[in-house]
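Here you get one chain, nothing else, as structure tokens; it is the form predicted on its own.
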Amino acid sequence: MKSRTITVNQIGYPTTSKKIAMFTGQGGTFEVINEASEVVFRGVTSNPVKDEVSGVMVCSGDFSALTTTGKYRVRQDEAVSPMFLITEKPYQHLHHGLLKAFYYFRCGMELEEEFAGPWKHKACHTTEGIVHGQPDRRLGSFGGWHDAGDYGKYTVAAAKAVADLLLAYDLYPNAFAGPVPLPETDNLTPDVLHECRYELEWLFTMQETDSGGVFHKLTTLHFPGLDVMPEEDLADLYFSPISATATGSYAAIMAMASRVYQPFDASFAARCLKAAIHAEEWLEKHPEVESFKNPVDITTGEYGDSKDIDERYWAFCELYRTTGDDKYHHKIQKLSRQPFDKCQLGWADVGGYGTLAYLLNDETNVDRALYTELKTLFLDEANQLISRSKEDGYLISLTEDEYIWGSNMLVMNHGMILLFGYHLTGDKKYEACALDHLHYLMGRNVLDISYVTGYGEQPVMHPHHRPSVADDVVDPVPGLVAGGPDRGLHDEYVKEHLQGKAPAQCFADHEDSYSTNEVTIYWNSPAVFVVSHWVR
């Protein structure tokens, strides 16, 4: 893969948006050329600055004045950028691909050629699971999405992914007007809700019927080999023990789902709410719970989290928004006085989801002082992201220590926070900064790579994703968001090949690099949300 000195969003730019290309080196004059190599714009770059996190001298070239629909490249002397579109809505195909990826993550059913194309495979993981520590107790475990490049299924990860998709639908329903299509497509219920329901139906199996507690994860004892197709992974499945973080996230997402699905399927919505309340009752009975740790004989992803206050907060906020029951409001008011992050949108730090649930209430149903406090807190977070982006060579908000395992999740989470800033205020500065984060994901970065398989002129080609490795198809499953640069160099491949690289260059498009090039449902989900804003 070559790395060019001029980088752009490899998909394109909305007609009326700000359009900037990035140049490594000394900058100077540049041109924008059309498909016929005719010059349609000339400009001069900004002065170069040393961008520490990317390790290069970088400058920008603004061609926002170009608003004619078409396909273009940016040229400077002999250097030429990838081709990109300028059009009113350039991200419709990208949006479709990011959403369709969830179908490819499906477990427990055959992916037929009609819907999966060359990435079809047989049904997998259709056996019952063993409750860990109770070898004679087996439960149904059918369905849901594989979490990542492996075939495990994890409650807290599922909750974040579904939350992002339901929030996207809640704010931008028109973005989901057309069919994907899916096997369930009926032109009545939007396909994004069909897809989320596939995961929600599996989540029901994770709740213990009697207690209401929720099992933390469902996996084999160990990861299968990288070249193993889903239907070839035949080891026993195990339900890991119930955890407070899983139960809290479960209560929250089921309450949210109840609200969203009510217009489409009242009985399903009622089932979701009943499950949410049962999980919340478990939380009340277990106010102090040790954080989840993998049992000693399980080596699959732990998804450990040392605190559960944010999950409880999220659960109460969603239950209040769905039911309007004052008992949940009182719990929110009490819990919100405690110190914890109320703005983040991760799988571990979920406080931001609770805050958004509260802020999206009808303003007549909130504590005005608390509402104002949470809104101020959230907008302060968004304003900090804007400030950091202005200091970054590639106009994104990641600090040096945020180039972590899954850094692209942070990039898109920050995009979500910025878009909610726009939703809450109407101030276009938040929208513009969120778009810069999408530009980074789609190629305007120091590595000149689109971090989404199958999209852009130079996309990720070798993700750490078992079906993409094990099938006989040259191209990887499309629409998958790769994890992105990880300055910690957490796998053997990058330890060998990327020593001494700047944080933003610590990425390897290689199947062995699970710490930079794996894919997950909850890296795709915030990308769906962000792109939905420009497709609506």
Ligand code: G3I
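Owing to the predicted nature of the structure, the values given are computational and were not obtained by experimental measurement. Sequential numbering from 1, following the sequence displayed.
Below: the form predicted in complex with the ligand, not depicted.
Between 148 to 156, 78 to 86, 451 to 459, 283 to 291, the stretch whose residues reach within 4.5 angstroms of the ligand in the predicted bound form through a non-hydrogen atom is 148 to 156.
Contact with the ligand in the predicted bound form holds for none of Phe176, Phe420 and Trp534, as no heavy atom of theirs lies within 4.5 Å. Residue-level contacts in the predicted bound form: of Asp341, Glu201, Asp233, Glu302, one residue has a heavy atom within 4.5 Å of the ligand, and it is Glu302.
The closest non-hydrogen atom of Asn9 lies beyond 4.5 Å of the ligand in the predicted bound form. Remark: Asn524 does not count among the residues lining the ligand in the predicted bound form, judged by a heavy atom distance of 4.5 Å or less. The shortest heavy atom separation between Ile404 and the ligand in the predicted bound form is within 4.5 Å. In the predicted bound form, the ligand lies within 4.5 Å of some heavy atom of His490. Contact residues in stretch 502 to 536 (any heavy atom within 4.5 Å of the ligand, taken in the predicted bound form) are Tyr514, Glu518, Thr520, Tyr522, Trp523.
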